[in-house]
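Single chain ahead, written as structure tokens, the form predicted on its own.
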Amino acid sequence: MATGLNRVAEIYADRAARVTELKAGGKRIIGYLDIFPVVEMLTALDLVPYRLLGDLNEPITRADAYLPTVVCPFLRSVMDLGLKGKYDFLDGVVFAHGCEVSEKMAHIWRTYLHPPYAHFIDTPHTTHQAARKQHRELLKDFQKTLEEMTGQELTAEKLREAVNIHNRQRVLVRELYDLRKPDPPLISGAETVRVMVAVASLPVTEGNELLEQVIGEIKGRKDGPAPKPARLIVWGSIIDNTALVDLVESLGANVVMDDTTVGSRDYFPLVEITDDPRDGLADRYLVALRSPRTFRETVPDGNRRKDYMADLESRFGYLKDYAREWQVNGVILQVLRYCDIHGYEVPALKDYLESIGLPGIYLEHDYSKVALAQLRTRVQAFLEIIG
């Protein structure tokens, strides 16, 4: 079997191959959408979490009968793959309340695709104490349905072990991202996307082994990316294909950091170790994950301008830290068409980037390689400005 980046390339080219093998060997595979389903609870019961992703190369032909064309094309792509039988190997699905469309899609999936097991976590959209308490209760409900489905008890010991394994994966991902800090970075942005897609397609222990192999290989190789004048963060909607990053890096930039859900946004926050592991999990998935779908309170002081800037700092301050640590000199704000939770965030984020002196460009695109190709001239002009 191939190892390291060669293994990553194999999985990226055929995501379902490994979990199909595992299913044939008796494992149960549970698909999950976005970053809010609590995957540790699946791992703790020997279920294999498998991230539901779309396919830029697959025309959407069936999903439009179930989801309007004026909603997120990524979610339509995922639904389309499900309707075409591309996810028939799943033994169940877990959805959470990310955006309004994903919430509706969870129920549409359950109604029309009839998965053997389906659960929806109605994740709160605020982080105050009442919301945190509500989220803990929702995880108890999730646990109950998992125990009924598997016939096993989800003990604190099992859950604590799963938390440690997943936290280990998050530490390894951070180590992988640290390899992008030098100039030039030791791993390209496109390679990183492939690694993250591969990790999301494997059981967590196999993903950890793959990450260790990749990190060791990258540290020892001599043919990494070349130095380029632009070092960029890519922020925004999901990126589960290398097409956009390939485009940017082909024009004279290194994508050295991201803030997307198949990347740092999902993997950087750890689960705090608590007496009841569900408490740490509830806080991690509600509070620690940074997403535009979650509203965070800012304490006002009576000065409208100061309040606004304090709010921006509360919402986006971590990006300033990323820019400093990864030596970034530009930001690409990319949003899928009809992705409202990211689109509505852009004006405030542009104000914040301006306040810290970091240039950015806003790109809206459809979930297709044809649409991405049309952005080439705009990206090139932006790179010339910051180069």
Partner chain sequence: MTAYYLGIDIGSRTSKGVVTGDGRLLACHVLPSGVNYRAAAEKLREALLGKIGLSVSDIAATVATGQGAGNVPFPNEPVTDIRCCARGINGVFPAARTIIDVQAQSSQVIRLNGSGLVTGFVVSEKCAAGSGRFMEVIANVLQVELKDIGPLSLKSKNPVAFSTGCAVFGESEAVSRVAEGSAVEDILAGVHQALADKISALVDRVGMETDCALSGGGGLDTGLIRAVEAKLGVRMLVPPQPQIITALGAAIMAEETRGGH
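Positions refer to the first chain, counted from 1. Everything numeric in this text was worked out from a predicted model, so none of it was measured.
There is another form of this protein, the form predicted together with its partner chain, and it is not shown here; the text below is about that form.
Asks: Against its partner chain in the predicted complex, would D366 count as a contact residue? Criterion: heavy atoms within 4.5 Å.
Replies: Yes, D366 is a contact residue.
Asks: May I ask you to check whether A381 falls inside a 4.5 Å heavy atom distance of its partner chain in the predicted complex?
Replies: Yes.
Asks: Is there any non-hydrogen atom of W326 lying within 4.5 Å of its partner chain in the predicted complex?
Replies: Judged by the heavy-atom cut-off of 4.5 Å, W326 is well away from its partner chain in the predicted complex.
Asks: Please run the contact check for L52 against its partner chain in the predicted complex: heavy atoms, 4.5 angstroms, yes or no?
Replies: Contact with its partner chain, no.
Asks: Would you mind picking out the stretch of 326-334, 26-34, 355-363, 39-47 that comes within 4.5 angstroms of its partner chain in the predicted complex, counting non-hydrogen atoms?
Replies: After filtering at 4.5 Å, what remains is 355-363.
Asks: May I ask whether A156, N164 and Q169 each come within 4.5 Å of its partner chain in the predicted complex, counting any non-hydrogen atom?
Replies: Looking in the predicted complex, the three residues A156, N164 and Q169 all stay beyond 4.5 Å of its partner chain (heavy atoms).
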